[in-house]
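Coming up is one lone chain in structure tokens, specifically the form predicted alone.
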Amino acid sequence: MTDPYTEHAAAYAAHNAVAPYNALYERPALLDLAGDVAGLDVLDLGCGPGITTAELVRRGARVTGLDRSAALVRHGRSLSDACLFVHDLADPLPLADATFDLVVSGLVLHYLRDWSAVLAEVHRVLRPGGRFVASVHHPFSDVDIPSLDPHGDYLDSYGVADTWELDGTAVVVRFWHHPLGAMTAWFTGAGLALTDVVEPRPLPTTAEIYPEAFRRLTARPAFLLLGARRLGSGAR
């Protein structure tokens, strides 16, 4: 199956840099939840085009990033001096135990049918007391749009297909709907104590630049942010 993030990597990177749902909504909320990262060892799990990675570097973090798209990794390397490499999250992370103070993951987990293995890996590579912050599709958003909901049962997990336009081409993007209860169960099952459940608001400037997107995002959230901590002591 063709990977749209590889086939349309340049168009996706350009879109992600400025699109309101990314630049004025998800990314600011994720970075806000990450907090002060100066001096921290940070893993960007599914770093995509490297835009969040570059901002973490700018804020003083030592960042490692990974993504399964080689084309997006190449783009990310052009934005910062972070250590970026190609890796599929279906496989164990090629990283040592207790290496990171913080793991961030922006709009990645909903591409996985089951989060248990990757969250176990997040737990493994975090230092005791380290934090994990992630953004995902808000589970209500999947059932709120009829065209995205072929199933109809919110409490089940099921595959969803959405259609985007990139490079003037209709591109089908596939992900998974999971109810909130399944998400939180995967966190706790991996030994991560849930600390934050955030339904973000778009930046106020969105109202002037993208009024329709601002109206939609203030009426119904598109994304959900989850924060967790690996229990123990020792991390800053």
Ligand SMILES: C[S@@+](CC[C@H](N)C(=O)[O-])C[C@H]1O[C@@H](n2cnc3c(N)ncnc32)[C@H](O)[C@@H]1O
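A residue's number is simply how far along the shown sequence it sits, counting from 1. Source: prediction; values computed, not measured.
Just so it is clear, the following notes concern the form predicted in complex with the named molecule, a form of the same protein that is not shown.
This chain is displayed without the named molecule, yet in the predicted bound form the stretch 68-76 from 68-76, 94-102, 153-161, 126-134 comes within 4.5 Å of it by heavy atoms. Not one of Asp114, Pro139 and Phe187 comes within 4.5 Å of the named molecule in the predicted bound form, counting any heavy atom.
Taking non-hydrogen atoms only, Val108 approaches the named molecule to within 4.5 angstroms in the predicted bound form. The named molecule is not shown here, but in the predicted bound form it comes within 4.5 Å of a heavy atom of Gly48. Heavy atoms of Tyr12 reach within 4.5 Å of the named molecule in the predicted bound form, making it an interface residue. Contact between Asp88 and the named molecule in the predicted bound form is found at the 4.5 Å heavy atom cutoff.
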